[in-house]
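The chain below stands alone and is given as structure tokens, in the form predicted alone.
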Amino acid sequence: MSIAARSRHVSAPLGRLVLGRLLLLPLLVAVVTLVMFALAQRTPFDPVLAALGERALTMDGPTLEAMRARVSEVGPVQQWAAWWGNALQGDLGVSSSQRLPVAAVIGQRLPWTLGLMSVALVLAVVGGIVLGGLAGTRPGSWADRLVGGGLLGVQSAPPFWLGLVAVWVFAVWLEWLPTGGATAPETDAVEAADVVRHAVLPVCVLALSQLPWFGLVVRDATRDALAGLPVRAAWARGIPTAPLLRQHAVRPALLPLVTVLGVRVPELITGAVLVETVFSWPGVASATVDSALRLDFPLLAALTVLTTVIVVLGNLAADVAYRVIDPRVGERDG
């Protein structure tokens, strides 16, 4: 098959896959936001007090009851329809917790979260390939036992615990790095060196929380590949170790790694929420926690949409990469 024919053979299923997911995305986002408004309607907390904040202390009881009655008259479907009606016109509302337009809050915080997640994901993937490949190509060795045990130990630790340990060791005890924030509190300007210094701990903790998933799957895939007949036959033919590992161990390990990449996107967002909270990182994830605690529904709805879109596009990117690496997957799925 020529290169052009092979390209057409691969691109046709990919096009159908991408088109189908993109057509499904608006429906999925609509359902997720509707569920969010339905759950918010049944919250045990008082949305009127949450919206008013300290201003509620200056209001009398009948006024507050009248406001609660008006809020309860509006059902979740009406709230959902009204929010989408405004959102489609570019009006995402005003955040009651941040006292800013929702679009401004997301615009200010999203780059911090994307930067944190991107760097952490790259470090976790590269570290997982190196450690998993090191352990997988030496099954039963001290390196295999050390790497496997270490990755399993880190995998059992929640991200917030890793963050607290990192703060205690590197910020409080050794005093090498700041405890939190993205810049020094005494400076108004954002300097790259200052941001990098503040980002070391949250990036490393988030990367460390994701590292075991990639490292363990690469180790297992490498082991399985090296135990297969093609590798044994290659060993018998005297093929040098380096090209043998590159052709018969590294490439087979990429497929499960890509699958795990797609699956880990929601967990990466969850980990970012915890890490940003521990380190007071000014990103979208920490704003999600604030909006949920303060019943800030306009901001929570916008962040729900944003999170859903990121998860769907992340899984789509993983599926596309999977089919590019191994076109047989697309042939089987049709």
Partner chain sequence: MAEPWRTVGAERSRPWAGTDRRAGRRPASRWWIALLAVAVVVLLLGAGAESQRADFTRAFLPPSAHHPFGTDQAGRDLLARSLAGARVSLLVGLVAALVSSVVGVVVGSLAGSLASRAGGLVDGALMRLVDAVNALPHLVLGIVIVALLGPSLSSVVLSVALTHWTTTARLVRAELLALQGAGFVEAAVGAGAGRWWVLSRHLFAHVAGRVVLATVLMVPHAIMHESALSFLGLGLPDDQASLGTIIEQSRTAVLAGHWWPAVLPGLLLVLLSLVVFALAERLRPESRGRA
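Residue numbers count along the first chain shown, from 1. Everything quoted here is computed from the prediction, not taken from an experiment.
What follows is about the form predicted in complex with its partner chain, which we do not show.
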property	result
Contact residue in the predicted complex, chosen from 81, 244, 103, 263 - any heavy atom within 4.5 Å of its partner chain	263
Among the candidates 229, 88, 192, 172, the residue which, in the predicted complex, approaches its partner chain to within 4.5 Å (heavy atoms)	172
Proximity to its partner chain in the predicted complex (heavy atom, within 4.5 Å), stretch among 94-102, 229-237, 115-123, 136-144	136-144
Non-hydrogen atom contact residue 107 with its partner chain in the predicted complex at 4.5 angstroms	no
Interface membership of residue 248, its partner chain in the predicted complex, 4.5 Å heavy atom rule	no
Any non-hydrogen atom of residue 77 within 4.5 angstroms of its partner chain in the predicted complex	no
4.5 angstroms heavy atom contact with its partner chain in the predicted complex for residue 289	yes
158, 165 and 277 each touching its partner chain in the predicted complex (heavy atom, 4.5 Å)	yes
Contacts with its partner chain in the predicted complex, stretch 257-273 (heavy atom within 4.5 Å)	259, 260, 263, 264, 266, 267, 269, 270, 273
